[in-house]
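Here you get one chain, nothing else, as structure tokens; it is the form predicted alone.
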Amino acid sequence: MLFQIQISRMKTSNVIWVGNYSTVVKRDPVLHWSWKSELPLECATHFVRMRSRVDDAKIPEPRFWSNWSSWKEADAQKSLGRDPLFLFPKDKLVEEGSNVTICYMSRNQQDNISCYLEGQQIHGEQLDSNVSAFKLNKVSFIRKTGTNIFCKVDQKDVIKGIVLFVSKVLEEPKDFSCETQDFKTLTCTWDPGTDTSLPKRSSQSYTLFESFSGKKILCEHKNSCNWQVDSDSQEMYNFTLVAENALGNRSVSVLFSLTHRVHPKTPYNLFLKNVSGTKATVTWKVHPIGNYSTLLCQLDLLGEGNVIQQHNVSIKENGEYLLSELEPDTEYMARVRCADANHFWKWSGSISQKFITAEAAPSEALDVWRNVKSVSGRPTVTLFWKPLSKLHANGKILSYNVTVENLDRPSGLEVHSVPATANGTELTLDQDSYQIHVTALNSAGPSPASVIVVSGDPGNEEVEEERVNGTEDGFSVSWKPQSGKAIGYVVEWCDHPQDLPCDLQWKNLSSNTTSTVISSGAFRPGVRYNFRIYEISTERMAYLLEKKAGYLKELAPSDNPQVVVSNLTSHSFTLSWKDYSTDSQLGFIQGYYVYLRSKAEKECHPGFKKATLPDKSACCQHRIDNPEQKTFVMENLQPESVYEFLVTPYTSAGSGPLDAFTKVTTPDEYYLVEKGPYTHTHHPPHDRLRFAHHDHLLPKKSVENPHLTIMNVSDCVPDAIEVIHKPEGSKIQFLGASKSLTETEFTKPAYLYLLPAEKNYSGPGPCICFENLTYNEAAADSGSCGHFPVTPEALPGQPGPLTSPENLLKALEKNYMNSLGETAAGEASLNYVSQLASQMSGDKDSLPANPPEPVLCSEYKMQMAIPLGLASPPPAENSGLSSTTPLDQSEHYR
């Protein structure tokens, strides 16, 4: 029979569901059918009716429906009682993601009711004056204790609440499989997924059903289940695993053959025996598996965590395998696992054991190098060697043996023992040739010997140095073989060339190699690295072959040279500087830039070009392309002008810093004295300067050049100056002189005379008038014509010079020419030779007993600087002078 059912809500005309139900009808049957409403039945009255028709293919069409039955009412509200507010459904359990409808019913239509889900107000649909419904879509899991919902009557103490229990979705079991370890028990395992259990609710359960036998068991665990294998040796199994909770179930199936699902137990009793430096025997046992006892076992040998050997061994109960090609004094791990040899399913668990092989003598000779230098005339050889790697040491190195043999004078061997912590030693030898053997020792014996030969003759060390360019990968070094009999080459360098000691490094290369790349993590930009390539002869002697120098990356110079100014003239001066220390260079010096600027000149001199400094100021620049040139002459300059210069080196990366310029002032060309006490240029022949009493003739300025002193009229600050015009060729007669000389006859320095005062003169001492006075800057507090007390006994009967003219001139000329290129500016104090002509007439040989008071001061002719120390020695007793006269201490610089 086929039944058609209608369900109405609130009133019979409001049909909300129509469905068919088919069943076989027997005589006097009682039929049952159920329907779940989205809206709790307590919130609304429901009505149901049905009709039927025959649903049998044997009865021909048409088949007619019966009449509808009368409506039957389902009203749950009648049993609720008289509470003012009701909230439904109560303690409902749903799955996460489901849609849920809740409702409340109020007895008082005037009440204002608010509802909340976890504290957040929700709004619904009013079904009638007393009932409202709320639809919650895709509810989520909040907590295992449920989701709280409540409604309250505003302004009244009436609250009703319910708990909605939301469980996680029941998942289908994953990775479901079954296997056996002994053909007695099948163990089935799976991943249950998310746990759907809730407090006070029945948890999910798992049932295992085998279809061939029809057996079924309830599993005790949520992720595994044991099935006992029958003695009838059933071969095939078809298992269905059903997961079930209060809201539904999920299932998964697997079909397999028992012999294809063998998973052996983990092997046991793994041991190592007969362990030597290169071999070891491994033994282990396995658990038997019924009649299917053949197992395939995998033996892994691990070193430092990596598998370095792997072997497969077929066994039944006991396994054994000989491991070979092991390294001495090395820790290994042996690891074993097994599987069914006939039908591989899974590897068993692994068992492992660590062991250490025995030590053996070192297998490789040391990498040895040497450095030979002479100390107190005797060769001192410093030996260096690199520690053996663990692979070649074959054990703990206990010490090093150094054996020295004299090849020129055979005698006993000299043996030195060096501690294991050292990587070298020092030997003091003589000029003979020596063969040196170096070995490393451990508990098993010595290593092969490293042999080098050294000689007191260092060979050709004068090898021209070449340049090599560095890259990101290091330095590419190549060389040309010379002898054709080399057995190898060594490239030597220092990782830290600026340190002492310099951390010597070397690289051994075969005889057929003529290039290599030297790389090091210690290489830095701006550091000069020097490489020396040695050829190793058949006698194991090292000969220097080539020298290389280079920078990983050149940098611009960080400082400028110290420049000395010399040969200062009115129109030129010379700049000179010294070489840099090669170790301090940040790159190869390719040349120099010379900068010149002057406010008096706007255009650049020939060979210069305009340049702009970082401060935007303009200057002139000259480029010197020859790095060996260390001098430069500034020419075509203007007299009495201030110039500023700067010299900076440059490399491929740039030039040195443009720091402070140095000022130089060119002298007035009319007062430049170059050599000799009377040599000057363009001196007016008729003009003389007369300086008054107590004057200071010489200027006080800093010494820029002790060899060229310029005296301008403006530099002298006398009390008074008078210009006297004398006719050409007029004679000047000295006090007490017996003859007169013309001005053109003054070819040698005149002498210093002491002019006594009048007999009864009570004033200051006699005036000092002089010509070509050797003026010592160390003298103090006297003018060019000053007074000092002199006793009558001290006055000479005949005045004489402080020193002879010939000696003075010779000393002046020699010292002047030698010091011209040797003394830097500002390095020497000065004396001066002054030229002054007396205004008194007469023969100096016939001085009157009571001479008149001398005229104040003499004529100024010319002055020239001489170095300090050329002052005349004290006069001899027969010179007629009783004392020397200290003159004014001044700084007479230009």
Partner chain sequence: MRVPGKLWSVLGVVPLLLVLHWKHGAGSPLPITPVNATCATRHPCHSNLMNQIRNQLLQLNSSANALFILYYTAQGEPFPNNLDKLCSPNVTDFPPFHANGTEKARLVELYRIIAYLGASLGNITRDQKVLNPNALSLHSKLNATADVMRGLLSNVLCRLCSKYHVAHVDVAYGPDTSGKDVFQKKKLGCQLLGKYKQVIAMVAQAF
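Because the structure is predicted, anything quoted here is derived from the model rather than measured. Heads up, when I say rigid core I mean the largest set of C-alphas that superpose within 1.5 Å between the two forms. Numbering follows the first chain given and starts at 1.
We do not show the form predicted in complex with the partner chain, though everything after this point is about it.
Of the candidate stretches 327-335, 416-424, 208-216, 89-97, only 89-97 has residues whose heavy atoms lie within 4.5 Å of the partner chain in the model of the complex. The shortest heavy atom separation between residue 152 and the partner chain in the model of the complex is within 4.5 Å. The closest heavy atom approach of residue 123 to the partner chain in the model of the complex falls outside 4.5 Å.
Taking the partner from elsewhere, residue 156 is found to have a heavy atom lying within 4.5 Å of the partner chain in the model of the complex.
Residue 200 belongs to the set of residues with a heavy atom inside 4.5 Å of the partner chain in the model of the complex.
Taking a 4.5 Å heavy atom cutoff to the partner chain in the model of the complex, the contact residue among 145, 469, 318, 194 is 145. Among 161, 607, 349, 525, the residue placing a heavy atom within 4.5 Å of the partner chain in the model of the complex is 161. Put the two forms on the same core and the Cα of residue 80 is off by 2 Å or more between the shown form and the other one. Once both forms are fitted on their core, a CA shift of 2 Å or more is seen for residue 200 between the shown form and the other one. Core-superposed comparison between the shown form and the other one: the C-alpha position of residue 160 differs by no less than 2 Å.
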